[in-house]
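Take a look at this one chain, the form predicted on its own, written out in structure tokens.
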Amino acid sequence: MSDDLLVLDATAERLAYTFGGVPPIAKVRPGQVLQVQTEDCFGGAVLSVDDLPSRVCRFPNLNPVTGPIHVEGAEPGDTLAVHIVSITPRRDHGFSATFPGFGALTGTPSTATLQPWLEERVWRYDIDRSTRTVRFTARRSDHVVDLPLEPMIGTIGVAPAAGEARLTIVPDRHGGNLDTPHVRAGNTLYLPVNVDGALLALGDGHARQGEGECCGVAVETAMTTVLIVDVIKAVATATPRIESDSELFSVGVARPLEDAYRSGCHDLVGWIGELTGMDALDSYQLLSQAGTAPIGNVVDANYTIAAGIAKRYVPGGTPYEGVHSRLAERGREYR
């Protein structure tokens, strides 16, 4: 293994609660490998099912991210490529919860109803890395089921433009709380660079999450993430994009949900056209017949949908001149 590895632990002074408005904690070169520890969305304060988040957590200090990290040479108008080599739980358990006034199936402050808010309740999930399972145990019955361990990064992004500071719980074009399971090991995330150095930060690791994150809380746990960053000069990216070995995704972020869908598909139509040389309507037609649209979340301040298409349907150009393949090859020595 190369010694070109920067290790960042999740100490309190390295945690932030906004994208933007925070000075960098470290500086890295394009192509450098980082090993980043992150805390769970509760900041490690939930230790048992008796620890109700409303009692042990204090808003707005929720959803901490490690960072930000200054990437040398990144300037507005560039694209930051973040290849995720591995995501490993740091604990043998995670927690989920229901919150009063939060989630897809309850009244919220922005969707006011006269029904009572849901009970606040916490679930503990045992994580077994040897069997790669996450155990759901019901709180009011004896039902137990093992689910696949599928680690992902819930929150990752860069500083927004125009000097804005955005809470880490809010997703938008800068990234943030995207909550899409496609931000996982083996994939490359592309983010717009809005300020010098990009100011990358990440946190909110999920041992697993269903599409939509229906109750608003995944299986939350602390993670160790190995990633490689690179800068694609003078190439702008309007909204977060994801590339895997076999698929392309444009992440639409908006409310209502249909506008998140439209945003993701709109960007993906343009991306397909760039790669194939097709015009907008041909690209639109292809996406209509071959596209996918897994929902990230329907609970945050903005919703997210990852509009996708298999690479085999998009022959021709290579996305970002092969950055994903190059970073994936480099990342193999760190697995």
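Note that residue numbering begins at 1 and tracks the sequence as displayed. This one's a predicted model, so the numbers in the text were calculated from it and none came from an experiment.
Another form, the form predicted in complex with a further copy of the same chain, is not on view; read the next lines as being about it.
Work out which of T98, T237, N187, T225 lies within 4.5 Å of a further copy of the same chain in the predicted complex, going by heavy atoms. In short, T98.
**Q.** Three-residue site Q35, G43 and T318 fully in contact with a further copy of the same chain in the predicted complex at 4.5 Å by heavy atom
**A.** Checking in the predicted complex: none of Q35, G43 and T318 is within 4.5 Å of a further copy of the same chain.
4.5 angstroms heavy atom contact with a further copy of the same chain in the predicted complex for H70: Because no heavy atom of H70 falls inside 4.5 Å of a further copy of the same chain in the predicted complex, the answer is no.
**OP:** Flag D282 as yes or no: does it have a non-hydrogen atom within 4.5 angstroms of any non-hydrogen atom of a further copy of the same chain in the predicted complex?
**Re:** Judged by the heavy-atom cut-off of 4.5 Å, D282 is in contact with a further copy of the same chain in the predicted complex.
Query - Partner proximity in the predicted complex: Q289 to a further copy of the same chain, non-hydrogen atom cutoff 4.5 Å - result: Yes, Q289 is a contact residue.
### 4.5 angstroms heavy atom contact with a further copy of the same chain in the predicted complex for L147
Heavy-atom contact with a further copy of the same chain at 4.5 Å: present for L147.
One stretch from 192-200, 72-80, 147-155, 229-237 that, in the predicted complex, holds residues within 4.5 Å of a further copy of the same chain by heavy atom: Among the candidates, contact is made by 147-155.
Contacts with a further copy of the same chain in the predicted complex, stretch 107-124 (heavy atom within 4.5 Å): Stretch hits, in order: G107, P109, S110, T111, A112, T113, L114, Q115, P116, W117, L118, E119, R121, W123.
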